[in-house]
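One chain follows as structure tokens, the form predicted alone.
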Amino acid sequence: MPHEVADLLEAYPLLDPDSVDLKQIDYDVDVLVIGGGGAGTVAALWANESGIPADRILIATKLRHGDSNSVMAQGGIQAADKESDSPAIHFLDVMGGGHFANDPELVRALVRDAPMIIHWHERLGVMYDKEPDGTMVTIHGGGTSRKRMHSAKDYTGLEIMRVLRDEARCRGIPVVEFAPAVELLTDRKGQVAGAILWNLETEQYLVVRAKATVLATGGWGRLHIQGFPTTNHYGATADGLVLAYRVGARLRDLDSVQYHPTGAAFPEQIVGLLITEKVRGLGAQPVNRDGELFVHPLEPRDVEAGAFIRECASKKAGGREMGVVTPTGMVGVWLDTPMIDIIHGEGTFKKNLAGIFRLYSRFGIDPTRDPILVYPTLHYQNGGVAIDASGWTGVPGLFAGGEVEGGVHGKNRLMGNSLLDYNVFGRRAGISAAEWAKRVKLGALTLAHVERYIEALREAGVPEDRKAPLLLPDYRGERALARMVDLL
């Protein structure tokens, strides 16, 4: 795994187990959902659908409800719901894209549930792009053999999250904002029995007792693995991995980090921001400084990103770089965005990629006339907490959904399967948590697993100034925000 992740897993807890009064319970619920992004909101909705009253569910989130990668997703969500496609073909695409390191049972659940998820979204009010006759508009993503990418322009994640959050609010599901979990609670039987939250505003601990707990904390993008910029939101600091590991959950595929091929490389103010794969899906081509197409535009992301990095590192005879160097010393390749209107007709870019067009227009760049400069950016945590097809982590009372869990994507995720993943396994984790909560009997709350972990760290000689979870990234001091560039 990356050193940045290992340093968090092999770290001391933020709290002293003896400093918290576990008899003073601030919230007593049936289902606690840790994380207020897509997976967490879906889990809460389906726990409610499964018979848990809204006021017996609690969403605890680090920032505001909805502040997440789920909102920032642009390109679309995959679902094999057309006559030319099938879940079986979708299955093969996912397995191949993940280099066959995926858990087949999880992939089977992903592709089988996909059409149902789209129908559920439509019933709730998600406005997907459609033809005049009502047919869903679908396009290719990298590594897909069929056009199954459903989208809402390039605001797909925002549109889905808008509807999910509204539904949760309408049902009256309580949300505690600015209160990240810093430790899970267990009982004497080893069952997960809730969590301790840290109120970022009042700097107080909150004890939550819960019969079932769902981890939906997202990924690790804000760790800036290998110094790369990131597309991720501010709170993506691998908290869920830390909490799950300490309580005994199994982690998998943590060696696999996804770098999105097309992060913005210019201008400096937007370096690392996502340029959705939908841009290439509509016909834009990656070319080097000589205008040469050096890789197929829609390879799986790890293949595409690797090709970009190699091209930027290569030189022609005479020592001239093949990448395009910016005034600040960054390097990238051109994404030939004017191709989109050339292929599909004038106005296609503005209609389908309104967010990207507005982003560049702020800096006087018209992507319908001029290419844009891109370079890979840290995007996704392919691995995570191991789960089964029901969303169970193997630890009694603990379930997981979304980017925090691993096994669905193997060593590489295909475009459009992240929004699908959090809907499918957020739903399954919420249902499973509800069923567990209906039958479990909890004992007295403890932090015994944390005490054992502290002892193990001391025996291993781990420095005691290393603390986790990180909660929020620290950008002070000499830490560079730009990749591989010493600006000092």
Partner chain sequence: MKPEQEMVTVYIMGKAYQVPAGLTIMKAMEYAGYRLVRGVGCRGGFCGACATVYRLAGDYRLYADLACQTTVQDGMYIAQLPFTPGERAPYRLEDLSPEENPLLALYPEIARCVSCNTCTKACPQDLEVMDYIQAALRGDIAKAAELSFDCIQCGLCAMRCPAEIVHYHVGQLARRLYGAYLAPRAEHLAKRVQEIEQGVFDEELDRLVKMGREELVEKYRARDIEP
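Keep in mind the model is a prediction, meaning the values are calculated, not measured. Numbering follows the first chain given and starts at 1.
Beyond what is shown, the protein has a form predicted together with the partner chain; the following relates to that form.
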Check: Counting only heavy atoms and a 4.5 Å cutoff, which of 287 to 295, 165 to 173, 382 to 390, 209 to 217 contacts the partner chain in the predicted bound form?
Finding: 165 to 173
Margin query: Leu447 versus the partner chain, in the predicted bound form: is there a non-hydrogen atom within 4.5 Å?
Written below: no
Margin query: Check Arg108 for me: does it contact the partner chain in the predicted bound form (non-hydrogen atoms, 4.5 angstroms)?
Written below: yes
Next item on the list: Using a 4.5 Å heavy atom cut-off, state whether Lys189 contacts the partner chain in the predicted bound form.
Entry: no
Next item on the list: Give a yes/no on whether Asp465 approaches the partner chain to within 4.5 Å in the predicted bound form, heavy atoms considered.
Entry: no
Check: Can you pick the one in Val331, Met339, Val247, Leu359 that has a heavy atom within 4.5 Å of the partner chain in the predicted bound form?
Finding: Leu359
Note to self: Please tell me which of Gly323, Pro371, Pro87, Gly283 lies within 4.5 Å of the partner chain in the predicted bound form, judged by heavy atoms.
What the structure shows: Pro87
Notebook entry, point to check: Taking heavy atoms and a 4.5 Å limit, what residues of 255 to 291 are near the partner chain in the predicted bound form?
Noted result: Glu268, Gln269, Leu273
